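Take a look at this one chain, the form predicted on its own, written out in structure tokens.
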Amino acid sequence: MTDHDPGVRFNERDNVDFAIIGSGAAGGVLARELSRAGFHVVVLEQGPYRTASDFSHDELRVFVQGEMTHHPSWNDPQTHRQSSRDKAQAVNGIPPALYSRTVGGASVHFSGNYWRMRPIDFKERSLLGSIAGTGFSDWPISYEELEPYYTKAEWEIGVSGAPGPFDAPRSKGYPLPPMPIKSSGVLLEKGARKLGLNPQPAPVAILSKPYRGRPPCGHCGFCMGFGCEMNAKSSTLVTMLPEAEATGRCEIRPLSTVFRIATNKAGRVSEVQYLDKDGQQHAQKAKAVILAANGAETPRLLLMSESSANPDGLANGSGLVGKYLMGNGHSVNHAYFEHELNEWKSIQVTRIVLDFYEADTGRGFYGGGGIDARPLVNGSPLMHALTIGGGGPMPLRWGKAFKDEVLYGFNHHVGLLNSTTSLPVESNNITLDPELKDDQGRPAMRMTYRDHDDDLAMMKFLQDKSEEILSAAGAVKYWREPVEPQPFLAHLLGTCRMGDDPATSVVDRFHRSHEIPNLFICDGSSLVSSGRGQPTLTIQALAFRAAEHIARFARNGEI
């Protein structure tokens, strides 16, 4: 991995206009928009600056050793429990909060599904009423207000797709046609149409044709969990951040792990304190700070930034920092088909079914979601053998029968992933572990999370529908994974929710802290509801909108 030349270097003791913490879906957008608007920006990212030449198909490094998800310089453990009555346990395998630590964040290793939310997502509380034991709420903004920024995100980064029968109103079509359909997409269409459902092309942040100097997808089959060696995946690493750096006003500072946001006597943020790759302390002075570290790291950092003036953590006057964690529900169906499918090729998902998107009171529980067809673990050989191949209809782990199962299943398998809503429950949260610390002495992240019973019911409901689809498509065998409370979350949402009332939210409708006028929070933590399973496009649309307002505040001297 070669050293990255940032082009511009800012002195840590000089006040830059903005220090942005995190370079992912939101942080990358904010960096580009604000540097293009004429502001000096430093982006602090705890991971390294990887480029296309650094990525590989090495499943051992990526999945088993956590090349992009583990801290690059030291051990940074997490703990997990289902309720506050339980003692949190350290986790050695997949971390409870699963995210990428690299420049570009999770947009580098995600599968690229790019669904919009619908108007209903922003006002469900008003239409459906309260749900006992939850923070089920309307957003302070509407879909109509966010729609231009959805369109901007799709066109600025490059999204391939085609409008579907149930899609929200849109002011402009997709910039690129859908990706070519895979066998799994054909089978999903076949089964769904037999049942009277309405499958549609999956919108993805992957290029189906050349776009803005980048090549189209090469169909290598290594999308989910891997960086793209061709730059066809529309991560902020290859879309937003190079354009931010090209302004000469944005420095990306990798291997910089923030441990505290400091405030001055006036109660405003004044500098961001961080550790370099060797654990040496540094501090970058800034006129304003934007937290875009993800829905787990952002509240962790606010809680670590407590002081005598902010004893419960920074921006936490409401007591809600870290609370209302949402993760989207997910359940899985598997099937074998008679003919070879070659699912190991190309992207994860080419077709989706959104007929069950909206909540239906006739089901007896809240929730909605979508179904997509995919190989589940990229169709990659090692992970297939370790997961699907050995855990299919024959629960085997060794021997000739196991080998036969792996060999047959690898090219005959289709998975259906059911993605659902996730209710905001106050007891689901990110806090600081009172006992465990990382190698630098920082409190470990503690996740307390159990899916709401309605979310679990919705996961099972979609499994029933997926089983019907697989049967109608002609599967020779099908089975399902048990629906249980999720032990880890890849979508980290809701922990610093936006709202008009400072007593019930952390940031206002413009992502500004209610308490600290030069502190902004814009990432998955800002979301009020979870949507139906694919939040990244909404996070980026919010970031484009936030950047516009933050730039206006700065120009008007309101920060």
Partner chain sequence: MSSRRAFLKLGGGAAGATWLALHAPAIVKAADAAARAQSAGADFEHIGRAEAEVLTAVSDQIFPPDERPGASDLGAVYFMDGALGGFMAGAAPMIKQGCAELNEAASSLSGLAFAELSIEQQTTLLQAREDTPFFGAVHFLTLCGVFAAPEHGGNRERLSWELMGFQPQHVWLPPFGHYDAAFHEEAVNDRS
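Not measured: the values here are computed from a predicted model. Numbering follows the first chain given and starts at 1.
What comes next is about the form predicted together with the partner chain, which does not appear here.
Close approach of R509 to the partner chain in the predicted bound form, 4.5 Å, heavy atom: No, no contact at 4.5 Å.
Partner proximity in the predicted bound form: F63 to the partner chain, non-hydrogen atom cutoff 4.5 Å: Yes.
Interface membership of S331, the partner chain in the predicted bound form, 4.5 Å heavy atom rule: Output for S331 is yes: heavy atoms within 4.5 Å of the partner chain.
Proximity of N92 to the partner chain in the predicted bound form, heavy atoms at 4.5 Å: Heavy-atom contact with the partner chain at 4.5 Å: present for N92.
Interface segment, criterion being heavy atoms within 4.5 Å of the partner chain in the predicted bound form, picked from 220-228, 163-171, 278-286, 365-373: Careful reading of the contacts points to 220-228.
All of P77, S137 and T263 with a heavy atom within 4.5 Å of the partner chain in the predicted bound form: No, the whole trio is out of contact, none within 4.5 Å by any heavy atom.
Answer option from L195, V406, L128, I141, heavy atom within 4.5 Å of the partner chain in the predicted bound form: Looking at the other structure, the residue within range turns out to be V406.
Proximity to the partner chain in the predicted bound form, single hit among Q200, S305, S183, N429 (heavy atom within 4.5 Å): It is S183 that has a heavy atom within 4.5 Å of the partner.
In the predicted bound form: members of 331-346 within 4.5 Å of the partner chain, any heavy atom: Stretch hits, in order: S331, V332, H334, F337, E338, H339, E340, L341, N342, W344, K345, S346.
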